[in-house]
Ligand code: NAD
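One chain follows as structure tokens, the form predicted on its own.
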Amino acid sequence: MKYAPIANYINGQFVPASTSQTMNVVSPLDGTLLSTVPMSASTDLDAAVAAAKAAFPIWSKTTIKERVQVFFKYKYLLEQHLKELALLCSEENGKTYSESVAEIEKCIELTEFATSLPQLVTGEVLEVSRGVECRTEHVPLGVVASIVPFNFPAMVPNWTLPNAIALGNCMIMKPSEKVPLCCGKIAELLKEAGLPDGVFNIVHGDVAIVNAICDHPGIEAVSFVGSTKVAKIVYQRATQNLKRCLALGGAKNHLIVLPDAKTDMTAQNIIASMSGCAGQRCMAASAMVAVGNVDHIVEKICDEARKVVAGQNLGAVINHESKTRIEQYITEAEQQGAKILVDGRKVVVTGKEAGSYVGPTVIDYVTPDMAIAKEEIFGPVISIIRTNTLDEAITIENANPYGNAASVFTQNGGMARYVIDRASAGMIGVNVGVPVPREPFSFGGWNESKFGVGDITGKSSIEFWTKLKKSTTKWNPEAGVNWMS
């Protein structure tokens, strides 16, 4: 085992869980046993919530200008430890080192945004009547929780923790049991940056801890990122317990390609979107809707796909179960009449035979009724659906239940606007394969890709992590008594 057993992080200390049940943490790159992670009990969560509640009065009363000083230091530490964090991210998740570096760079950008919060939550004040003043201010909620997935072990935790904590909350984080290592390092860096004990806590575990978070009376709000199936359950359970909840689910992102699209740019963007992070991201290209004759672009897409090599510029999928599931989707589509143009099944990387790799896969003549066209694959697979008109393409995009992202590739501004206005997705790209907004713009989809109000990052997150206090004051006795009194 390469690393020491994982422990929970409560009140500024790494502490063993109260249960002896553990799960192995295995690197998808080569099958190496990295560590073990505890399956914590509800009593472990109770201890974390108690620590957070004890820390909240002082932390919440600290001015936001002082609170963000921690994140200036944390940002510096992320920069100093970038290589170490990237290597850890690559080991436990399976993505390439360069992709892991980009992930830590995004953590730095997210933290940078958090340091700007004092300028964004100044509140408002107005003399609404002579001698009468109304004022608003953003007030922290209390103890909040963040449940994060395996596909971005460092970035998704930093979607929530810098903003939520800078705004005065204390947080319980539940990492994916598949990738618990990065969160532990993040905790160390936050402590080194000066974050008081108890403000940030980590409780490891499986579905039992997720349920306990949703049920715990001491937790005011829950954020979740994962599959749509689980997002629905978390949202329903948390809100049934009268908590705020923002739950992000899965996706089936459609890229609409028109005949006038730039061939090389389109092919490169589509393959980068499909294969980046081995397709294990909710913004990955999954279905390409080809409008009219785009055979020249499809041919170039195949050329670009063949340049992506597992174990070199393509990372592993998270485990062998995922590899098997992805390959079953491909085989089923082939049996139903789709044509495999580039086949990524049965890939084995020399020297890493125990790794879990799927090669880039391009499938043509997929029909909208096939499972591979409707369901989230979460692998380096692009399905091509043929249509005659743009309206047909939009109908296919609108029919999918998800709504994270959609893109259109064209050189016609009118056509691009037509798609922007009609695509049923929260994030739209024009000649962009991964239309993720950059800070301060927020991340969030529509439909069954998101449950709850608001977005998880950027300015929109302020409303989720705070409540608005309104005060009305009158100091001028000459103002008299009126209906405002």
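Just so you know, these numbers come straight off a predicted model, no measurement behind them. In case it trips you up, residue 1 is the first one in the sequence shown, and so on.
Here the subject shifts to the form predicted together with the ligand, a form of this protein not shown in this document.
Across the options 256-264, 352-360, 174-182, 73-81, residues that bring heavy atoms within 4.5 Å of the ligand in the predicted bound form belong to 174-182. When the ligand is considered in the predicted bound form, only one residue from Gly344, Gly168, Gly276, Gly249 comes within 4.5 Å through any heavy atom, namely Gly249. Of the listed positions (Phe150, Tyr329, Phe113, Tyr365), a single one reaches within 4.5 angstroms of the ligand by any non-hydrogen atom in the predicted bound form, namely Phe150. Although the partner is absent here, Ser449 sits close enough that one of its heavy atoms falls within 4.5 Å of the ligand in the predicted bound form.
Interface residue remark: Asn404 is counted as part of the site for the ligand in the predicted bound form, having a heavy atom within 4.5 Å. For Gly311, no non-hydrogen atom is located within 4.5 Å of the ligand in the predicted bound form, even though that partner is not displayed. Within 4.5 Å of some heavy atom of the ligand in the predicted bound form lies at least one heavy atom of Phe224.
Looking at 229-243, the residues that come within 4.5 Å of the ligand in the predicted bound form, counting any heavy atom, are Val230, Ile233.
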